[in-house]
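Listed next as structure tokens is one chain, alone, in the form predicted alone.
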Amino acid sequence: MHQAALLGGMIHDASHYGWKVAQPPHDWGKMAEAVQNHVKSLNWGHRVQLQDRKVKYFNFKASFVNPHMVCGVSKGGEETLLSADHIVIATGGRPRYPTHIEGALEYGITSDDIFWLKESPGKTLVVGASYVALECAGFLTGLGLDTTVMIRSVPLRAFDQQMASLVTEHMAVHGTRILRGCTPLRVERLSDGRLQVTWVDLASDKKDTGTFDTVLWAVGRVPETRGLNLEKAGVRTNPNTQKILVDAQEATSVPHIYAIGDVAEGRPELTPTAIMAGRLLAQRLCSRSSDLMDYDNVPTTVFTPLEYGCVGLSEEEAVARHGEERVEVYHAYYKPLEFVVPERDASQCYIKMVCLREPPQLVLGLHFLGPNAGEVTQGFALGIKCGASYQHVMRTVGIHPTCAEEVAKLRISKRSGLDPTVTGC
């Protein structure tokens, strides 16, 4: 869906390159069908791989009977008991509904649901400040839909806040309405089928209303632990988050029961991270390796219209850990080549590299806002994982003309006070 929105922008740009292309209306149903077919093919592919590797697959909901046994219940209600020497919990999480808000559950949907809508959601209110909220709002705006994001406090709280501000600034400039410091009070169904949302501005205590076709909740996720009967196995959870407490081996409070992914306390809620943790755990259980998952310097990307990729520490985290005087930040505002001909606004295209100030200036974090941020960040993540320094990056020859080469040209530090805008090659 992110790609669908980007393609719409490319069609708009095409005329600047000599293509006489009219801006066609977007067909939500066709896109949704393609997305659904892709998800179904992935699920089928996983089933086939399990069968090829002679892994038994049981399609049922399971819960613990005791520390070595689970009971699975099929859709038809048939029960199956399974026992094992080792048990891995990887049940993930689900989007959370704010059930304290009147009408939230009855009339709202979540990010899980939007991919399965057969018709366009129309005018949409997205409630939340997470990357999921901003990604959904971004692609809906990109598809030409009237979209509003309601943020109670700060966007992308777990990310670098300068970058988060630039992300939302770009979204606002390009058509997404952002309501800051507001929280919904109730959702009501009107006689014409539309939804009326009442919210309050937390600063002024002033109430306001708006009418939408769809209300999408993106206010966090809850781990799928409540139905597992973990207490029967002796597995401990965090009482506040309901996530499972694990150690560096991914082991729970019961040594032969493990938990990986979103369901585990203190782990990044990222699919590739869970996959690697699971692969390493399997290798340890089979005595093929003793390697542990390293959760430092895990790269990720927020797929907003202008993508934000990052790896390592935010500027705030680096200062908190090392002190402001020991941290050097190199940065640049740049203009991607693909923005030049169509005269796109590049005001929020920005890169910063957070380093230790003492030579050789170890790179603590990289933050990239611009096209193809995921591709750029993935490549530099390897170097940072291997202990790259600022000097290493400066000795790296850039590939011209790419956005990624701007990382290898970061020579202006924040401390210098000089203008970081790139003006030439």
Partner chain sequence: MGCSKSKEARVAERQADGKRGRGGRRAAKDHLFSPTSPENSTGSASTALTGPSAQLQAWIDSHSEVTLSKSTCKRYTEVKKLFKSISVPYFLLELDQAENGRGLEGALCELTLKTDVPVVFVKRRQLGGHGPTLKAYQEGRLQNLLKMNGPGDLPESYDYDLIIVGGGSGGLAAAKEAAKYDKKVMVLDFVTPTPLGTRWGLGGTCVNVGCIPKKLMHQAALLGQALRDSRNYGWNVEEIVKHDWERMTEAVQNHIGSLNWGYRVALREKKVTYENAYGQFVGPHRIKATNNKGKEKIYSAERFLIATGERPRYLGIPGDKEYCISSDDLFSLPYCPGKTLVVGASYVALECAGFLAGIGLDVTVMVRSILLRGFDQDMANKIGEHMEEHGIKFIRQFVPIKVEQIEAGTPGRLRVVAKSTDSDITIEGEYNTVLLAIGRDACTREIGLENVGVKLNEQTGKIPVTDEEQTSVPYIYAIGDVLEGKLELTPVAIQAGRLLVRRLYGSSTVKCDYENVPTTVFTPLEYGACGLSEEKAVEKFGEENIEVYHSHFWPLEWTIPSRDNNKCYAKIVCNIKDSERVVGFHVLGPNAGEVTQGFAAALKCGLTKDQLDGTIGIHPVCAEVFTTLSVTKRSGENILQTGCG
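Everything numeric here is computed off the predicted structure, so don't read it as measured data. Numbering follows the first chain given and starts at 1.
From this point on, the text means the form predicted in complex with its partner chain, which you will not see here.
Chemist: Thinking of Val65, Gly77 and Phe115 as one candidate spot, does its partner chain come within 4.5 Å of a heavy atom in every one of them in the predicted bound form?
Modeler: No.
Chemist: Only one of 212-220, 193-201, 241-249, 270-278 has heavy atoms within 4.5 Å of its partner chain in the predicted bound form; I'd like to know which.
Modeler: Heavy atoms within 4.5 Å of its partner chain in the predicted bound form occur in 270-278.
Chemist: State yes or no: in the predicted bound form, is some non-hydrogen atom of Ser413 no more than 4.5 angstroms from a non-hydrogen atom of its partner chain?
Modeler: Outside the cut-off, so no.
Chemist: Quick one: is Pro360 in contact with its partner chain in the predicted bound form, heavy atoms, 4.5 Å cut-off?
Modeler: Looking in the predicted bound form, residue contacts with its partner chain do not include Pro360, since no heavy atom lies within 4.5 Å.
Chemist: Quick one: does Leu418 come within 4.5 Å of its partner chain in the predicted bound form, counting heavy atoms only?
Modeler: Flag for Leu418 set to no.
Chemist: Under a 4.5 Å heavy atom criterion, is Thr301 part of the interface with its partner chain in the predicted bound form?
Modeler: Thr301: contacts its partner chain in the predicted bound form.
Chemist: Name the residue from Leu166, Leu179, Met293, Val319 that puts a heavy atom within 4.5 Å of its partner chain in the predicted bound form.
Modeler: Exactly one listed residue reaches within 4.5 Å, namely Met293.
Chemist: In sequence order, which positions of 390-405 have a non-hydrogen atom within 4.5 Å of its partner chain in the predicted bound form?
Modeler: Residues within 4.5 Å: His392, Met394, Arg395, Thr396, Val397, Gly398, Ile399, His400, Pro401, Thr402, Cys403, Ala404, Glu405.
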